[in-house]
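First, one chain by itself: the form predicted on its own, in structure tokens.
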């Protein structure tokens, strides 16, 4: 407190200041620097954990083989490339579904539940009506029912948010567990006394494309990424989503029906998640699984991983394609690394995933913000109190 009785506030040592819009050059430089930093840290980590028995080259080679196959081995490359393609496309589809909701600042954490409901409704048709219905009609109904069920599961929290201002993060998160328990009920009922639920009859599967029943999944999921890009960038509804995300009050002032935009956008987000679940059941898994099973589940846990993909791509659905492949490279590559080298078998490979994501997220942070440190006070800029104290 000064002699005049006024309080003085001391400037903090470090302040976070928002930058202006990043230029293309700075954006490229920051992202490239983030990847280089991630590679450097991962290289050091590999040398430390491998204790000299694993070189950086060997580790990267095994990660490549586990994701894209062994170079020169046609069979290995074919198997691994298709496997990476379907899981990357699935992760991409869910990320695309989250993009409009997140751009609107509606934090849809309920993708898992929306996927499950789409997959479950498709499974009910396959299980109960698959043998007595013409296949074209069955496929048509499966597509419709998975889209509608996912949309309904997304609209429920949207209505509560639009009319009563509920917290969409908690609401959508809790609905995931409701969907899981509903799926568990049908799984246990169909399984009966069997050790596991058998796959649904082959006549209920999607017709093959590229000699694979999940070929349609890859084509449709990638097409959705392109369509959503133009929807968000070039349409009136995409513009309304952006305005509501920037400021709901500004949107209202501009004559935009905010409630309508929230409900419509979440219907689209839930519908795409539901379609992902339905096509996963009909084209890939041909089954549903108990929610506690880690393998061959309808969602594969991607409802949460997709949040990272959508955020890292800054809601650009075309950019999500590369990021989805990168996430698959990290997941499958570190799995192969653990199989090849015992030192990386017990969760050590997952640390590399964390390192890469941490560096990428850190780069995105410094692209939009900067740290400003407190400057030392110059002697000739002393406060009045300091001057009087020195004179005394």
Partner chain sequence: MLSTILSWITRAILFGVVIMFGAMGETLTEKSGNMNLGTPGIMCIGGAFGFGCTYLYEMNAQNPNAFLSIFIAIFCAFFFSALAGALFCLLTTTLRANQNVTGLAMTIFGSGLAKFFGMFIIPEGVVTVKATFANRLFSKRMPVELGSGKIATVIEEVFFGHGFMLYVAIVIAIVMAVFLKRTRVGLNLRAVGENSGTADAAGINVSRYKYLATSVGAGIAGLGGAYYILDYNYGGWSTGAAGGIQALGWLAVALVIFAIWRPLNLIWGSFLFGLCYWLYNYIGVFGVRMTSAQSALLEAIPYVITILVLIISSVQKKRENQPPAALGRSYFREDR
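Numbering follows the first chain given and starts at 1. Please read all numbers here as calculations on a predicted model, not as lab measurements.
Another form, the form predicted in complex with the partner chain, is not on view; read the next lines as being about it.
With the partner removed from view, the residue among 289, 206, 109, 151 that has a non-hydrogen atom within 4.5 Å of the partner chain in the predicted bound form turns out to be 109. The single contact residue among 76, 213, 314, 169, judged by any heavy atom lying within 4.5 Å of the partner chain in the predicted bound form, is 169. In the predicted bound form, residue 253 stays away from the partner chain, with no heavy atom inside 4.5 Å. Among residues of the shown chain, residue 373 is not one whose heavy atoms approach the partner chain to within 4.5 Å in the predicted bound form.
Under a 4.5 angstroms non-hydrogen atom cutoff, the partner chain in the predicted bound form lacks residue 57 among its neighbouring residues.
Not displayed here, the partner chain is kept clear of residue 230 by more than 4.5 Å at the level of heavy atoms in the predicted bound form. With the partner left out here, the partner chain still marks one of 172 to 180, 85 to 93, 232 to 240, 267 to 275 in the predicted bound form; by a 4.5 Å heavy atom cut-off that stretch is 172 to 180. Taken together, the three residues 185, 189 and 347 all come within 4.5 Å of the partner chain in the predicted bound form, as judged by their closest heavy atom. Although the partner chain is not shown here, in the predicted bound form the stretch 130 to 163 places heavy atoms of just one residue, 160, within 4.5 Å of it.
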